[in-house]
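As a starting point, one isolated chain is supplied in structure tokens, in the form predicted on its own.
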């Protein structure tokens, strides 16, 4: 007969050890990414509790200041890598509460009044996402600027334009590089939309049905720098998972842009093309072939694009079909969300560094032109001389030998309309980049100012030896 084991003690009761391990999953690791966000949410909640018009007071003003000072200490501890979440804690929320109680006693035990771990994790993820999106937006603009610099520098270098990977029409390195930059600039619309979608506060919805206390949800939203609270308390709970899916979808579009850029660079740096030379420092060697310089960074970006897309699909699949209200299924979306955002930011940063060092070989690019590449241009020249297009098409198709002496530089000079090789508007591109930077910096300053007022000290807190938000 099996003996019954005593459960492990947690803040929310005793739990069978195997059940605890199964339900905790990887939260003690994943939730380390959310320590700062949880402390910020707790600071706002404590401030709101200290202002509730109830007697006796749930939390006095002096106690609130003590809580915030302790939360600042925990944020610093996490920044130094000293914050630990145990299986008994289960997650970051109970770990923070445990540490507050250990230091502040009864004050720490009051901190959870009027909230649930449901709205805690929801606000944590939105605060975390906001910082990650600020960082990703700036880094995406950095990469776009690198590509535009390459495009300007090599705007008059001819390059064979391809369809179906086959030689098609005369183009330029300027068109190629700025096309990838423009893709990233269009991705900015999606990142901005994701930030706008994220800019609402679920804190105070508790388990999804409100609480019988006169809590001030607009105050906590304002303290945390959100535009407003999510109005309906049940929707504040139901939006969990959907919000992560929206943000990951925007990140997936950025990764799709990176994947196509990476594939082009892999292809055009092959010896058979030789259009571009990858920086050796960004290529790895072979364990057996001494001559090899492999485009591993680009191949990994290409693979990571597929992985982020898969993470997005996984989060969407988990949310799909869930009933209203909180369900534990949502725990499985958290790791994918954190992983997807970190992977996207890492990929953008490494690709910006690589692209800055890519060398262009004008001789190899010109050597890639064959007579057929000029066929469409010649047909249109005949049209300008009065020949119907379909007759010109058939004529050129039957006389490709007439194009042997065609000049790629002359072909570029003939294309002057908007977006063509001689019609690229680099000033317009620069304006888009600068507008994006002004917008994200203004939003970041607004949110950080709110958090600085909440904490009573400058935010972000300095983190020694670590790139913030990376």
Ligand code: ARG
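The model shown is predicted, which means the values in this text are computed figures rather than measured ones. Residue numbers count along the first chain shown, from 1.
The protein also exists as the form predicted in complex with this ligand; that form is not presented, and the subsequent description refers to it.
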Contact flag, residue 91 vs this ligand in the predicted bound form, heavy atom cut 4.5 Å: yes
4.5 angstroms heavy atom contact with this ligand in the predicted bound form for residue 27: yes
In the predicted bound form, residue 117 touching this ligand (heavy atom, 4.5 Å): yes
Interface membership of residue 354, this ligand in the predicted bound form, 4.5 Å heavy atom rule: no
Heavy atom within 4.5 Å of this ligand in the predicted bound form - the one residue of 275, 83, 326, 374 that qualifies: 326
130, 240, 217, 112 - the one with a heavy atom within 4.5 Å of this ligand in the predicted bound form: 240
This ligand in the predicted bound form: contacting segment from 174 to 182, 143 to 151, 91 to 99, 226 to 234, heavy atom within 4.5 Å: 91 to 99
Neighbours of this ligand in the predicted bound form among 330 to 345 [non-hydrogen atom within 4.5 angstroms]: 331, 334
